[in-house]
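Encoded as structure tokens, the following chain is the form predicted alone, with no partner shown.
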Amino acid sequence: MCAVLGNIQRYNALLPLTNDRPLATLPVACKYRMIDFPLSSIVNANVNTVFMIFNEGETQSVFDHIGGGKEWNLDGIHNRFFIHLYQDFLKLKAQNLAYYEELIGYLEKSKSEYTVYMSSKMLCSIDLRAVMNIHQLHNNEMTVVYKKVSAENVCATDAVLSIESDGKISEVFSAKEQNNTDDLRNLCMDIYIVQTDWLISELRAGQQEGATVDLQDFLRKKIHTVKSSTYEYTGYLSNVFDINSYYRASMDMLNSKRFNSLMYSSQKIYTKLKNEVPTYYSETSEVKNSQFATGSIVEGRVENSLVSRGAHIAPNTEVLDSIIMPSAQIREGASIQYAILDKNVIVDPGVTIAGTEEKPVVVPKGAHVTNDL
């Protein structure tokens, strides 16, 4: 099996967190990034080559995080990853050139019988070998992974499946078009396993007909036009598409059952290694139900919060129900509640930042907060 990792979807509702980074490199659980989870699922299934598609101008944080791919064993002679820009495909299409040839060349050189496509929006840990077994059992052109979720976990642009009792897909809706009053919806997780030869053939035909350049959209449109199998995923899932869904997904990591379901299933989650000292808790610190990465100094009160690497929480401060990203400086007497502080944020002494659970305050990267928010 070879893999394609698509990371081109942009969600304005995630701004300003995605001003300088793609959704794929949003921090999760203090030391991980969103992309770690699909990448880990791919390498745990013994897939040794990955074709990644990103938007122009969004790759710096990806390279900073992935580096040479060592942590995912993607830095060897046979184990490789390739990064391509979505806008290059668009330019080729605008010139009436064969815009899928780079991807087709990758698929042909991989000599793989099967191809898996994943996006980075779904926070989950899935055993792709189990999906492969279902795909081989039914011997259809495509196997689609879905999960039953509540309406709040569905974005308007997501695909929702109508599934018959025998597991066959009868219809595919855009979530905004489906007037579904049911408590649960069959959310298409945009994880597909297909026959590689079939995909190459469809891509060649598609670019002759001017099909969409977005591979995720391309595969969605094939779901009910070819023989498709379904695989129901039953593990932990968070669908991240706006500030609220990102905040909920992060807070889920403070629930030990959900954290263990994601992090300690049958598969290991790999991330970038960073060797530094443990977080230091002074005698003045008071910590309850919180998570910390390494390299921080905690001298104040922290409760129901997640604190990333290299943060400094000064004495007489309080951080409640918040997400603190790397290298934040929270100075003496400051109060943070229901907030998301991006990297390198400085909060001046005595400043109060207060949001609500339904509407957390987001402080953009590198901001210096001198007045109450």
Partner chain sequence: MILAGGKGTRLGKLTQKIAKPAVPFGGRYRIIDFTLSNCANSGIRNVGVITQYQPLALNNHIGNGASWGLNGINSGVTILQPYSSSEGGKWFDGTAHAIYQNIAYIDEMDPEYILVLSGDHIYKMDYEEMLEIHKKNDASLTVAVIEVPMKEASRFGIMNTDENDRIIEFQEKPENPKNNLASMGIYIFNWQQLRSVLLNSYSKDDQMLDFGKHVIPSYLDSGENVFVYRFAGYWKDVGTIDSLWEANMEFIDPSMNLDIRDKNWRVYSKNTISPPHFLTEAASVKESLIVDGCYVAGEIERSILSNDVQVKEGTTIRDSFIMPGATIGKNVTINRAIIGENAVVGDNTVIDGTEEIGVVGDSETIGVTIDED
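Residue numbers count along the first chain shown, from 1. None of the values given here were measured: they were computed from a predicted structure.
One more form of this protein exists, namely the form predicted in complex with the partner chain; it is left out here, but the text below deals with it.
Undergrad: Going by heavy atom distances of 4.5 angstroms or less, which of Lys274, Arg80, Lys91, Lys221 would be at the interface with the partner chain in the predicted complex?
TA: Comparing distances to the partner chain in the predicted complex, the residue within 4.5 Å is Lys274.
Undergrad: Counting any non-hydrogen atom inside 4.5 Å, which residue from Val149, Leu107, Val287, Val160 sits next to the partner chain in the predicted complex?
TA: Selected option: Val287.
Undergrad: Report whether all of Leu254, Ile269 and Ser282 sit within 4.5 Å of the partner chain in the predicted complex, measuring from non-hydrogen atoms.
TA: Verified in the predicted complex; spot residues all in contact, yes.
Undergrad: Taking heavy atoms and a 4.5 Å cut-off, does Gly76 contact the partner chain in the predicted complex?
TA: Looking in the predicted complex, residue contacts with the partner chain do not include Gly76, since no heavy atom lies within 4.5 Å.
Undergrad: Just to confirm, Asn186 within 4.5 Å of the partner chain in the predicted complex by heavy atoms?
TA: No - in the predicted complex, heavy atoms of Asn186 and the partner chain never come within 4.5 Å of each other.
Undergrad: Although the partner isn't part of this model, could you tell me whether Val213 comes within 4.5 Å of the partner chain in the predicted complex, counting any heavy atom of the residue?
TA: The answer is no: Val213 has no heavy atom within 4.5 Å of the partner chain.
Undergrad: Can you check whether Ala29 is within 4.5 Å of the partner chain in the predicted complex, heavy atom basis?
TA: Taking the distances in the predicted complex, the answer for Ala29 is yes, it comes within 4.5 Å of the partner chain.
Undergrad: Taking 4.5 angstroms as the heavy atom distance cut-off, pick the stretch from 29-37, 337-345, 61-69, 48-56 that is near the partner chain in the predicted complex.
TA: Looking at the partner contacts, the answer comes out as 29-37.
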